[in-house]
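In structure tokens, the next block holds one chain alone, the form predicted alone.
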């Protein structure tokens, strides 16, 4: 009998690789933070003895969700700027608020709040784009979640940097700090084509090649963005990005609601990843991403929540359901984005986009044990004919009971193990009072 760290027995396991497979009465075997076996429970009991054993007789195990686009610290601005179009939301509410309030403490407290929400929603990895990424990294380390820190780049000043060169100048130090970290990863995050000029964008492309890291960017989010771009030069933003060397498998193009057939084919040829944010796109009235067309073209599509200031939550389970339903409605094809495809978009496809598919995104032997458990035992969940379809079309985040990241139990029976909720809530209430009552 082999002695190991953790054994999780579950009613069902959906490993995601291969897609669509559901394994009843299976167990996950974890040792030294990684999955070393996935096998029928009867066999697991006979082969392994664990330091800790979890018996989850009514639960479903899936890979932890990968939130491929977030602005974590903006959880402090949840509900601050609702019912506005993107540019009005940015220019009249969000950017002025950030100019006044963003600081290392703002980012620390907002990120802690976001991580609490993400863990309670089954997310084990998030791809962030915000100021003070070093602070985001510190909080991610403290809480034990997997994170990709986006080194934001803008032409204009912020509390983090003064100009594009200043933003870019901060990359080396943070990259070197986290280069070999098992949980923290680095990406370049130029905000958008309309907020970053040609020279720094070309530098971003060169720097991404140098460090072999992704580029995370808002692209073709609204029709207005494209119209404004073409008033300045003859190129649509995607054309401009290609001329500057950014269209490649490194690029995570976020939103992508406004595209034509030629652009879809070009994105597929270049291996660009698309991050779909259905709730944010709907709430800001940005448009409808043609997800079915992207998948048909062979483009890897991942899911993100965007910020709690435009969503207004970080619930990847809800994003997954909306992505599946919206794709069916937009394409007028009920088979578009099946339940299995939706789950892949929320897990493995995100790992592929972030360059992390070798270590996370599926419950595969050799990968880190980034795992989410959902309890399907309640009466409102019955009957269950297909656990996979049930997960996508019926489950809510309140059914998420447990979360492990690299084998570490971060959510245990709906209780966060690395965050002090009472202390966190006190800080959030203080921020709310401060923002509502500025001096």
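In this text, all values refer to a predicted model and were calculated from it rather than measured experimentally. Numbering follows the first chain given and starts at 1.
Quick note: we don't show the form predicted together with another copy of the chain, though the next part is all about it.
- The putative spot formed by 338, 394 and 425 is fully lined by another copy of the chain in the predicted bound form; each residue has a non-hydrogen atom within 4.5 angstroms of it.
- Interface residue among 53, 33, 47, 381, judged by heavy atoms within 4.5 Å of another copy of the chain in the predicted bound form: 381.
- Of the residues 284, 139, 186, 251, just one reaches another copy of the chain in the predicted bound form with a heavy atom at 4.5 Å or closer; this is 284.
- Proximity of residue 292 to another copy of the chain in the predicted bound form falls outside the 4.5 Å heavy atom cutoff.
- In the predicted bound form, another copy of the chain lies farther than 4.5 Å from every heavy atom of residue 344.
- Looking at residue 436, you'd find a heavy atom of it within 4.5 angstroms of another copy of the chain in the predicted bound form.
- Taking the partner from the other structure, another copy of the chain in the predicted bound form has a heavy atom within 4.5 Å of a heavy atom of residue 77.
- Contact with another copy of the chain in the predicted bound form, defined as any heavy atom within 4.5 Å, is confined among 383 to 391, 38 to 46, 403 to 411, 59 to 67 to 383 to 391.
- Residues 313, 315, 318, 321, 325, 326, 328, 329, 330 are the members of 313 to 330 with a non-hydrogen atom no more than 4.5 angstroms from another copy of the chain in the predicted bound form.
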